[in-house]
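Below you'll find only one chain, the form predicted alone, shown as C-alpha cells.
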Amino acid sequence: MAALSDPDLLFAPETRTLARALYAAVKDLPIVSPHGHTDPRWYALNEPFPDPAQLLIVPDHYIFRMLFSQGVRLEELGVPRLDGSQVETDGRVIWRRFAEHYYLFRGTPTRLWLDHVFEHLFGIDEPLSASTADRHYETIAALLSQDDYRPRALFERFNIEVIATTEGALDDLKWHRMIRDSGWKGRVVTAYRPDAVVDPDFEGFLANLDRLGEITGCDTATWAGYLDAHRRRRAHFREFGATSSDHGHPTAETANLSDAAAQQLFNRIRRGSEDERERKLFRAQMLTEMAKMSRDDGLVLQIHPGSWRNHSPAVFQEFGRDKGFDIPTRTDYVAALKPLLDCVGLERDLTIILFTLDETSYARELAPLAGVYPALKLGPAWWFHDSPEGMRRFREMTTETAGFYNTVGFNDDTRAFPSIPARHDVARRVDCAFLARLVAEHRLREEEAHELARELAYTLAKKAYRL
C-alpha cells in the first residue's frame, strides 16, 4: 500500500532538488506554537483521549463546517447543543458518518492535515472511506488507550518546545497552575484574551465586568478601576508564562480619546448603551489601551480582526460560538490603525502582530505598514488562508515590501492537537518551496535560503513572541 502523502508534497518539479534540501534541514526543528486554542486541561490531567471522534472530529470546526455545508447536521457529529438536548454520542457512529463524507475534503488543507495525522501519528497507509472507516477507528482507538498517546507523551513526541493556549480574562488558570505544580517539563503557557470584557456586544458583557472587578479587587464601575483590573489580570497571566495578548475584534478600528472622553464613553457603556457607534468606539479605544499596556508590560499584542463572528444566529443560539460560522469580511487597516499607530507605532520595544482574513490588504496595506512602523509585524496566513495557496499568496504579496523579517514565522492557531505537526510541516514545505523559487530566479543565494528556512520555521516565532 502506498503512503498517504508523498515525500515531495508541495515541491514544484523545477525547484524540487533545492526545496528538498532546504526542507531536510528544517523539518525536524522543534515546534514553537505561540498561538493556539488547545485545551490546557489535556496537559494538566494527562488523561487518555476518549475516542477518535472526540479527538479529531467533534472539536474541529474545519471538519464539521464542511460536512454541515453538505447537509450533515451538527447533532449527528456529536457537537453539543447549548440546551443539553440529545446529540450523537457513539464515537464509532460519528466516525462512520465522517468517513462516508471524507471525499468532500479533496483538495483542501484539512485533507493534507488529516492524512498526515493518519499516516505519521497512527501508522495508517490506507485512504479513509466508508469501507475502511471501522479499521481506521479501531486502529486509532487502540493506540489512544496506550500511555504513549496521552497528551504529554504526544507533546514530547511532536517535539513541541513551547505551546501557548488562549484563555479569557476571567479564566482562573487552574489548569495552568496544575501543569506548573506537576513538575512536568513541557512548556505550556497562556495568552490573555480579554474579548469578553472589552467588547460590549459579547454575551453577558456587563456581568463580565462585575466579575472582573470581583477577581481583581478593582472598581470596574469606574474607568480607572477598569483599566487597573486589566493590568492586574495581565500581570497574573504573565505569572503563568503569558508573553502575548490576543484580540479578536470585528474590525481593526482603533481610537485615541482623551482621558476625559474615554471616561465618559466608559460610563455610557457601563450603563448598557445600545448606541452601536459608541460600542464600536469603545472597542476601538480598548485596542489602543491594550497597546499602551503592552508597551508598559511587554506582552506582544495580537490583533485578529475581520471575522463576522457567528454569522448564523440560529446556529449560534443552538450551539454557541466557534461552530464554523465565522465568515471573513473586508478589512481596512491604514485608516483604522492610525490612532493606535500615532500613539505607539514608533515604539521599538513594542510588538503588535497583525492578522487578516482579507487577502486584498496584504500588498496594499499590511506590508507597507509593517514595512515602516517599528512596532508592527505581520502574522502568517491565517484561518481560511492557512493553506498551501494562502501561504504562497502571503509570501508573494508581502515579501517585496515588508521582507521576511517583518513577519513572525508560523503559528498553527488550532484546536486540533494532533494536527499541530501536520500544519507546521505544510508551512515548512511551502516556505522551502518559495525560497527555492527565489534561488532559481537568482533573487537569493542558496546559503541565504538555508538561513531563511530556519528563521521562518523556528527562529522568527521565538523572537516575535518573546519565547
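Please read these numbers as outputs of a predicted model, since none were measured by experiment. One-based numbering along the sequence shown.
Not on display, but discussed next: the form predicted together with another copy of the chain.
Asker: For the chain seen here without its partner, which of 62-70, 26-34, 415-423, 42-50 has a heavy atom within 4.5 Å of another copy of the chain in the predicted complex?
Answerer: Contact-bearing stretch, as computed: 62-70.
Asker: Residue-level contact is defined here as any heavy atom of the residue lying within 4.5 Å of another copy of the chain in the predicted complex; does residue 324 satisfy this criterion?
Answerer: Looking in the predicted complex, residue contacts with another copy of the chain include residue 324, since a heavy atom lies within 4.5 Å.
Asker: Does residue 358 make contact with another copy of the chain in the predicted complex, using a 4.5 Å heavy atom cut-off?
Answerer: Yes - in the predicted complex, heavy atoms of residue 358 and another copy of the chain come within 4.5 Å of each other.
Asker: State yes or no: in the predicted complex, is some non-hydrogen atom of residue 221 no more than 4.5 angstroms from a non-hydrogen atom of another copy of the chain?
Answerer: So residue 221 does not count as contacting another copy of the chain.
Asker: Taking any heavy atom pair closer than or equal to 4.5 Å as contact, tell me whether residue 84 reaches another copy of the chain in the predicted complex.
Answerer: No, no contact at 4.5 Å.
Asker: Please pick, from 295, 364, 236, 187, the one residue with any non-hydrogen atom lying within 4.5 angstroms of another copy of the chain in the predicted complex.
Answerer: Flagged contact: 364.
Asker: Within 4.5 Å of another copy of the chain in the predicted complex, which residues of 284-309 have a heavy atom? Give them in sequence order, or say none.
Answerer: Residue within 4.5 Å: 308, and no other.
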